[in-house]
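First, one chain by itself in structure tokens, the form predicted on its own.
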């Protein structure tokens, strides 16, 4: 098949949807399909495009930002359809599907598949009177126009129901990660990274996240004094940056735990697997704060792939990312007491924690990796 992928989220831009688009495109190419990706242009795109070309993915860059991409991508889509037969069009999010409809894929009888992640289905960005109603109507029309909807979790699938789509149009395909990129690192390398980052010995609790309110880092800080009562040598390490950093640093100070909390800022991607491996437990108790929701939670798979057990809040798509009691634990959102109990319990039972980490690694290798996701998507596209 010649599969046309249209996405406003693509490397070198960074994020979960960008990773999804890139990995699915590469995975589909491995099946021998011809993959053409229409995506925004960026000054640092050429090295990435060379790598995609080597993987069998042809990129067509459009000068645009995220907001203007659906309109500016239309000529590129039309040119591609004029030059070659397209068998299936795949929009990575609903705004990108607008480009497909405006370019006339329906007149060419090309079926449309549409991925769904979460936030884009809830966002209300228009502030002019009556504008949001028009935006909602357009989004609803585009979502309903798709022949196939591919939500990344059961939660995201539930967000599609109010759009009035048929159940037979919805096929859940969970996100994944790459177990050849994220894998357990030996203790010597972990110790070297801890020394480089100035982290003390003792149990290490880790969060990797953008520092915004909905990620729930404040809940971890509120739970941490209780953890220190039973594990006084424990440290809490936060990797990432964002607008809430100063407020979180101030909260740690008010709680009297600053000496045991380490805000590292952004960590180089190449060091992430070592940091995950060095951690005794990974935690991210994200809360639902619509329209900002956790549609899945790829970081849980990354940590699991490094054989680290995980703890997350029972919200959004996180229950698809964590198999409760097997690869990690789910706790109620905004419940510092429950989180403290879960953290202390895993630190006190290293055999159970190790078993969860091993189970998490096996789950990623067996089923929750990007090639499996691409395989599932390919099977569904082939039936359109």
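Positions refer to the first chain, counted from 1. Since this is a predicted model, take the numbers as computed values, not measurements.
Only in words, not in the display: the form predicted in complex with a small molecule, which the text now covers.
- Across the options 213 to 221, 191 to 199, 253 to 261, 97 to 105, residues that bring heavy atoms within 4.5 Å of the small molecule in the predicted bound form belong to 213 to 221.
- Shown here without its partner, the chain carries 86, 87 and 90, none of which come within 4.5 Å of the small molecule in the predicted bound form through any heavy atom.
- Although the partner is absent here, residue 175 sits close enough that one of its heavy atoms falls within 4.5 Å of the small molecule in the predicted bound form.
- Heavy atoms of residue 171 never reach within 4.5 Å of the small molecule in the predicted bound form, leaving it off the interface.
- Taking the partner from the other structure, the small molecule in the predicted bound form has a heavy atom within 4.5 Å of a heavy atom of residue 265.
- Contact between residue 209 and the small molecule in the predicted bound form is found at the 4.5 Å heavy atom cutoff.
- Checked against the small molecule in the predicted bound form, the residues 240, 203, 111, 179 give one hit for a heavy atom within 4.5 Å, which is 240.
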